[in-house]
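Here you get one chain, nothing else, as structure tokens; it is the form predicted on its own.
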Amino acid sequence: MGPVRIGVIGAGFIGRVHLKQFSELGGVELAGITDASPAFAEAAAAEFGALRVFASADEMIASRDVDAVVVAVPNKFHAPLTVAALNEGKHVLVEKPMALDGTAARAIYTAARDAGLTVMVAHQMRWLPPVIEAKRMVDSGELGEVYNAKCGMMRRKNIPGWGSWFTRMGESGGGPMIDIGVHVLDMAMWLLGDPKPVSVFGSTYAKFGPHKRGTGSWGTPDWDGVFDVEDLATAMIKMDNGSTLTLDVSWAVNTLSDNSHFVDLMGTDGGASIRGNRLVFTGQKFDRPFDIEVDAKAVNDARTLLARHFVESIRTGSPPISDAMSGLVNNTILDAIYESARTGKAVELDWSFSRES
């Protein structure tokens, strides 16, 4: 098999991250780049050695010189571009969240199933060394039955691009819950073994953003724009096996925080706590608690491992670990959090179709 020919849709920050990773990966050809700004696309092509600048995403998707596309554009475009690419026989690596909402995510899942092609969601946190080691501990049974978990990412002053697509519900799908919460949600669900979520209770708050407070350095602000999303969200998710997961995220909040992600896994035989790049095993022996720092140093960059996994999935036909079904589960939970926050009631999830369908 020759090189996998990859085209990247989007030459912004995230698109350039993908361009860098694939440009350094063996067995890959950067077939092209496209962006709403032709100047951005030209500059990215020159920097990373892409063979062609496509005039539009549609032109790239239709090209016979492209085997797979990377969708690295604002959230509202994820599903339309992914479905279009699948319909043209292209594999897809789509940035998180997989879609704007559960309906759009279901369209991707159905299109991927019908096409028999690879769809992978770019959740690079699954490849962080502490997460890989924690997953090994869970799967090997070292923690016993993991019956409760907590996860989150509390940023104190980091609202991105106030007034831009980041803070417009119709374009982003939500605030920190769908922006950064989806990362820790995905990570925790994977560590728990992908149990089936059955009910969700959530609350959202907007205490800083509407007053143009709590802004950070990420993104380009539009002070004449709109902020109609949350700046803090909290949720509890119950699984069909009785386990529970609580999730807390913020862009702006008054609390002690180092802005990094965290996960606490609580098992009958031990626990595992991730704090950024640290992993600590917690347990009890002779009625006394103890903590052990686990050595989980990086061998490769997480995004490099993600890119390599995507290419391997295309070559072997094996499903990626963050496939369309995992993206659909995440989007379904996020929808339920926002619906619960709106109604003040828990939301029961409908899984009338099988995961294997």
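Owing to the predicted nature of the structure, the values given are computational and were not obtained by experimental measurement. Residue positions are given as counts along the sequence shown, with the first one as 1.
The form predicted in complex with a small molecule is left out here; the points below concern that form.
Although the partner is absent here, residue 122 lies within 4.5 Å of the small molecule in the predicted complex, judged by heavy atoms. Put simply, residue 75 is close to the small molecule in the predicted complex: some heavy atom of it is within 4.5 Å. Contact annotation for residue 36: at least one heavy atom lies within 4.5 Å of the small molecule in the predicted complex. Taking the partner from elsewhere, residue 91 is found to have every heavy atom lying beyond 4.5 Å of the small molecule in the predicted complex.
Taken together, 168, 208 and 231 are entirely out of contact with the small molecule in the predicted complex: none brings a heavy atom within 4.5 Å. Residues placing heavy atoms within 4.5 Å of the small molecule in the predicted complex fall in a single listed stretch, namely 91-99, out of 251-259, 91-99, 222-230, 236-244. Here is the short version: of 150, 106, 156, 183, the single residue with a heavy atom within 4.5 Å of the small molecule in the predicted complex is 183.
When the small molecule is considered in the predicted complex, only one residue from 341, 347, 25, 14 comes within 4.5 Å through any heavy atom, namely 14.
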